[in-house]
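Given next, in structure tokens, is a single chain: the form predicted alone.
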Amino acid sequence: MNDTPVVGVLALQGDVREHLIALAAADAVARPVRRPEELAEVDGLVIPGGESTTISKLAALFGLLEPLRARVRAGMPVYGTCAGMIMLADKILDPRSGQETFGGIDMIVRRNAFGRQNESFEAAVDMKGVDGDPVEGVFIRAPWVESVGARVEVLAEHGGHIVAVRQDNVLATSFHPELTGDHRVHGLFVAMVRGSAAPGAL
């Protein structure tokens, strides 16, 4: 891989376009991913917000569930926002019937923890690994992390709840940085993708 990593955005549902724009602004080649062969061509992947149950069903329908789990297990960098955070959890506190996740982070996540759509809000979030001012977090039917395992680094909290985490090459936030025009969180993720391809890295 050269200095410009290829980062996919899982394009089954959610705000795919906004993530593609943010990744391009963070000096990555950004591509939508809908099929296993497209997944095989990327160095990292963003799982956008949307509806986690729908993403789970569509991933199975498009034949992406097992290939994506395999890539996560193999160390591919992945970043999930909102519903994407739920999809990266090893356990959901209140899953819908038949809901599956990709896994990757040893955490328990509560769906819609911050309330329904009409209770969406924005808040300044101090996030480890992001230099400068706090990140403006957009919380839309957002989850929070109930608990994490020993290998998980908590990167941010809001209102006493965990809203950003990292485990090895997997990053997740409850909020949507792609909606703010501030591309620093995507910059952090692109740096993770570059680092994962360095000699001696996973």
Partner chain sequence: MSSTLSPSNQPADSAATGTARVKRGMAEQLKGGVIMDVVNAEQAKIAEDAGAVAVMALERVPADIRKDGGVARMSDPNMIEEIIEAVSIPVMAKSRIGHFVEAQVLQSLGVDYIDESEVLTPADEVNHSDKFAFTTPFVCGATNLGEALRRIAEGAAMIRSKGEAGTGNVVEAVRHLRQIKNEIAKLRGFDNNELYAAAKDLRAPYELVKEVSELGKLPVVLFSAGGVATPADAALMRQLGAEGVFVGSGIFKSGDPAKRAAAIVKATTFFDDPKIIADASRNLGEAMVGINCDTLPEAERYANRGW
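None of the values given here were measured: they were computed from a predicted structure. Numbering follows the first chain given and starts at 1.
The next section is about a form of this same protein that is not shown, the form predicted together with its partner chain.
Look at 100-108, 68-76, 121-129, 85-93: in the predicted complex, residues with non-hydrogen atoms within 4.5 angstroms of its partner chain sit in 121-129.
Looking at A25, you'd find every heavy atom of it more than 4.5 angstroms from its partner chain in the predicted complex. For G50, a non-hydrogen atom is located within 4.5 Å of its partner chain in the predicted complex, even though that partner is not displayed. Interface residue remark: R184 is not counted as part of the site for its partner chain in the predicted complex, having no heavy atom within 4.5 Å.
Within 4.5 Å of some heavy atom of its partner chain in the predicted complex lies at least one heavy atom of H158. Taking a 4.5 Å heavy atom cutoff to its partner chain in the predicted complex, the contacting residues in 7-24 are A11, L12, Q13, G14, D15, R17, E18.
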